[in-house]
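Single chain ahead, by itself, as structure tokens, in the form predicted alone.
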Amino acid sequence: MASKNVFIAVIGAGGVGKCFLSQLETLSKRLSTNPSFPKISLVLVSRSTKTLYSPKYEALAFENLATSLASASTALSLAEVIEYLSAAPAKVILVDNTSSQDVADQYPQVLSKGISIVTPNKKAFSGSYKLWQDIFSSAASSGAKVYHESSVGAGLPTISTLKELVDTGDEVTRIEGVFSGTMSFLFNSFAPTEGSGGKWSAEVKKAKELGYTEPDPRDDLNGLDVARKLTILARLAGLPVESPTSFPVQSLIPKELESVASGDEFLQRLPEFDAQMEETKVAAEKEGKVVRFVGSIDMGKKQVKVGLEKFDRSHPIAALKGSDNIISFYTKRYGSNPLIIQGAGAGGDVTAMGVTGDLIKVLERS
């Protein structure tokens, strides 16, 4: 069979983007000797202020790609990128490695032109319910594919597992888990199953120094990241959740610190509020339990919530290590023992792995 050509365009060349481009280089070498796969050509790489692309749709060289991008004199707007991709003489896959709402808002338009999308961008699938509907109806009508495994749980097979459960007719009754690598790390060190753990403010500071939190830790502690992931899973399971702010989400930011000017000032003042978190930890210990930051979806009650819960020390959620995620699917088929997915839920390489895996799925179907 003659090898078809598929063009790849990449928006976002930061942390995840860099890891993805490295994986794409390896993949393209591997696929070049496999006649059952189309030939892939990287034709565009874009970041906020620079765009490197091939006007005649010739493959960009992977060698010195970062340098070539840094010295690029062009910066195409999103509309110009879409126009360029629409005019391509072969199939196109857009890889969006950003967390941009502006890019996410354009997905229906991109898909309607027959351009497939793979992405870890949570905002596309946890924004308004209308955007969610528009994305999948555009894909259905044009035949373009859209995959977003890494929008929940980085490289863990969370979304593909849930889709398979639903598509094969199983009935999901409940989903529960630790969906944030940051929150996992924080609570595993603040309230460990063995020993006493450190002061809350000290653990938050340590997590930031180790690169586990966002530059402003409040972006993790407000619970919205977890709420976005729960919104995506609830929708896939069949609950038409309106938005990540349409259900109870517990913020761990003290009221008094919500509006301080910077993340640094927040960290300086956080020790003033250690007693509150200490109380919560001690209350759980008195019951022989530990406290964890979890998200849960109850399909029967149509309830979604994010916040602190107490768990027996023997519970799989209590026993997590490091920054691992754990997602438990309770379904009719699996009975009282849930199907559990567990492993690294954060990090550039594993997130990019989920994106690369999605890219391979689209190529297999091209």
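The model shown is predicted, which means the values in this text are computed figures rather than measured ones. Residue positions are given as counts along the sequence shown, with the first one as 1.
Note that the form predicted together with a further copy of the same chain isn't included here; everything after this is about it.
Distance criterion of 4.5 Å from any heavy atom to a further copy of the same chain in the model of the complex singles out 156 from the list 267, 103, 232, 156.
This chain is drawn without a further copy of the same chain; in the model of the complex, the residue among 71, 246, 259, 168 with a heavy atom within 4.5 Å of it is 168. Every residue in the set 27, 334 and 356 has a non-hydrogen atom no more than 4.5 Å from a further copy of the same chain in the model of the complex. a further copy of the same chain is not drawn, but in the model of the complex it has a heavy atom within 4.5 Å of residue 340. At a distance threshold of 4.5 angstroms between non-hydrogen atoms, residue 55 is out of contact with a further copy of the same chain in the model of the complex. For residue 83, no non-hydrogen atom is located within 4.5 Å of a further copy of the same chain in the model of the complex, even though that partner is not displayed.
a further copy of the same chain is not drawn, but in the model of the complex it has no heavy atom within 4.5 Å of residue 302. Only one segment in the set 317-325, 63-71, 303-311, 42-50 has any non-hydrogen atom within 4.5 angstroms of a further copy of the same chain in the model of the complex, and it is 317-325.
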